[in-house]
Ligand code: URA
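Okay, here we've got a single chain as structure tokens, the form predicted alone, with questions on binding and movement later.
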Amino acid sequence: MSDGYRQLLDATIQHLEGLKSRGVRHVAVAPETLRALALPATAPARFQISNSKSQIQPAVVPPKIEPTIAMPPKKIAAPIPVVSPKADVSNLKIEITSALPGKAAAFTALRERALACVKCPHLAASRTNVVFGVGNIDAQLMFVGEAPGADEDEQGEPFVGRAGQLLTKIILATGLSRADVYIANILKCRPDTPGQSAGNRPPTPEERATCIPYLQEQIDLIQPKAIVALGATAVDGLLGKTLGITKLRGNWQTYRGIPLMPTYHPAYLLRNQAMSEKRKVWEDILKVMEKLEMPISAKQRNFFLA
């Protein structure tokens, strides 16, 4: 290796080390420079020695090397968090209000206990949300179903699926809204369905017995003037009756001193679209309206009549 080549190499190394000490990690090299560097070190045309100045002068002046500084990654503002249908909404703050002092606080404490419940480990492990209940805690009318389904488990609110939409229509037909009544279930967690990608199952007697104290406390705090039990599972859970929903529906019962009307679950009406079955449920609702001394129009009385 010639002395001229060595001196140039040393100078280049010193330059690169200087860049490195200043934090430069990348340098731009022109393609022609790379081609020149690829030539053999002894190539006669690569370097010439000047006799007059005894300095090494490159025959081809390489382009000036400019350091390329790597820019830090651009910061992207974090998106505003939103609640998706499948998100865990159990910890969201829900304001519970009441006209009675202390009632809202007691109901809020009850809800917090229910949300943290793990008495059924298999249900706690498979649930997305505890479905505590929704509505007016000063309501005169309360609806009780059996257990959350997939839609309810995702959204944390009872009766929001197809059956829930039909229940909402029934409530609206009375002249009330979901905000005027209270809706809850026997079970606060969706019954697990291991190995199944869809479908629901009724809660077991053990699951009902474990969970129903929460519902009983809800009823004791709300003190509705009437309860509508939706479907056989709700009736069995509340009354322990074994006569069957067909024989019990339309006949007043009593639960914790409160009049209770058994009727078909809205899911039954989705399976059986007969006008006669819809009329049976509506007749049960008319009895509830009469019990609550609600006004009933001629149009309401004639719903589902031929």
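For clarity, every value in this text was computed on a predicted model and none was experimentally measured. The first residue of the shown sequence is 1; numbering continues from there.
Heads up, the form predicted together with ligand URA isn't pictured, but that's what we're talking about next.
For this session: Name the stretch, out of 118 to 126, 220 to 228, 139 to 147, 206 to 214, where some heavy atom lies within 4.5 Å of ligand URA in the predicted complex.
Result: It is 139 to 147 that comes within 4.5 Å of the partner.
Exercise. Just to confirm, residue 158 within 4.5 Å of ligand URA in the predicted complex by heavy atoms?
Worked result: Answer yes; at least one heavy atom of residue 158 falls within 4.5 Å of ligand URA in the predicted complex.
Exercise. Any of the heavy atoms of residue 280 lying within 4.5 Å of ligand URA in the predicted complex?
Worked result: No, residue 280 is distant from the partner.
For this session: Indicate whether residue 265 is a 4.5 Å heavy atom neighbour of ligand URA in the predicted complex.
Result: Yes - in the predicted complex, heavy atoms of residue 265 and ligand URA come within 4.5 Å of each other.
Exercise. Since the partner is left out here, which residues of 232 to 258 would have a heavy atom within 4.5 Å of ligand URA in the predicted complex?
Worked result: If the 4.5 Å heavy-atom criterion is applied to ligand URA in the predicted complex, 232 to 258 yields nothing.
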